[in-house]
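In the form predicted alone, a lone chain appears below as structure tokens.
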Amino acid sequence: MRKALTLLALAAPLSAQAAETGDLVRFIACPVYRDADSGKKSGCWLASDPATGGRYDVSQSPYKPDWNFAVLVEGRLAAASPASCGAAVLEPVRTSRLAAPCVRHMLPAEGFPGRKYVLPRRNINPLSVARPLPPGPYAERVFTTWFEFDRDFLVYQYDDYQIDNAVTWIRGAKPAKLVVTGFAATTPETVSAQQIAERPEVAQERAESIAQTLRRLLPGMTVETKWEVGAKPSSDPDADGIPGQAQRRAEIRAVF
């Protein structure tokens, strides 16, 4: 499987055989890095669908691939031109690191400039920047944090952005307690001829990871944890319309 993924990643055509703009694309592959010379962080992450051979630009994922391991790619085909990186663009997109090992591969620029680095729209301000407390009145509210497939790791400049927004609101609202519920997508699915499902335990791990973070940021706040498996997707727009991402989450409920 490892060798097959590698060969497909290198041999894939520049234009992906996708359907229409906005369609969901989901597959497992070894990531490939394309070097580029447009400045800091301008290189491209690419991945090829084993079923079609179509190559996709997955650089816009908040979870950057680790080229030592296969990734689960989930994204929607964007109308953006492939001229920057030489592949059809997925945006929004998520790349979750899996356990299967990959051989590292890096492509030269081959005339593709990459894209200049810009701050992502979900980007946490430095702690030195004051957070204005949101005005009341306050009522019960739910904040959501998101995770890679089968992991409870908090992603830098993604999960901490969600948590920072939640904590700022909670400091102003002063709820009686917080209830953190972790979810796991445990229903088996077949992706790229592989059956995948999250471990039931990851729901509890996610809840406890978020609860520990909240206790550190909000000393004295009562934080309870719960967890559920077989998660139904969240309707939170920050999941970007990606069903898998909408399942892999923890919810912070402020209770008055």
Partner chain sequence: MTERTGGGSAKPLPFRGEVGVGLVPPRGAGPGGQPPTPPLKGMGFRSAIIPAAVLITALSITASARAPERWWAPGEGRTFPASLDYANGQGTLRTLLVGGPMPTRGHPFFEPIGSNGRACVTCHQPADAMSLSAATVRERWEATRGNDPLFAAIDGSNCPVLPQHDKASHSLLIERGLFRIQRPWPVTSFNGDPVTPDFTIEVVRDPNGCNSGPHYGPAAGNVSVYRRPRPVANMKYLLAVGFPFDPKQGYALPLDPDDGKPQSGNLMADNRAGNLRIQMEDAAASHLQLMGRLTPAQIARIKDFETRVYTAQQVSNGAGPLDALGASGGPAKLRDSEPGALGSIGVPVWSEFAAWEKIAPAEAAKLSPAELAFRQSVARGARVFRDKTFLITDTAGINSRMGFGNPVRNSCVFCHNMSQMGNDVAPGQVDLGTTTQPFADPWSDLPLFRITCLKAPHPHYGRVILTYDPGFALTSGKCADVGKITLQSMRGLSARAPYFSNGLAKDLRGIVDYYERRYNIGYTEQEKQDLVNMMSAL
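Positions refer to the first chain, counted from 1. All values derive from a computational prediction rather than experimental measurement.
Below: the form predicted in complex with the partner chain, not depicted.
- The chain is drawn here without the partner chain; in the predicted bound form, the stretch among 182 to 190, 132 to 140, 99 to 107, 73 to 81 whose residues come within 4.5 Å of it by any heavy atom is 99 to 107.
- Comment: the partner chain is not present in this chain, but in the predicted bound form one of Met221, Leu217, Ala197, Val229 has a heavy atom within 4.5 Å of it, namely Leu217.
- Against the partner chain in the predicted bound form, the set Lys64, Tyr156 and Ser209 is in full contact: each member has a heavy atom within 4.5 Å.
- Of the heavy atoms in Glu91, none are within 4.5 Å of the partner chain in the predicted bound form.
- Taking the partner from the other structure, the partner chain in the predicted bound form has no heavy atom within 4.5 Å of any heavy atom of Gln204.
- Among residues of the shown chain, Ala36 is one whose heavy atoms approach the partner chain to within 4.5 Å in the predicted bound form.
- Using a 4.5 Å cutoff between non-hydrogen atoms, Trp45 counts as a contact of the partner chain in the predicted bound form.
- Counting a residue when any of its non-hydrogen atoms is within 4.5 Å of the partner chain in the predicted bound form, the hits in 157 to 178 run Asp160, Ile163, Asp164.
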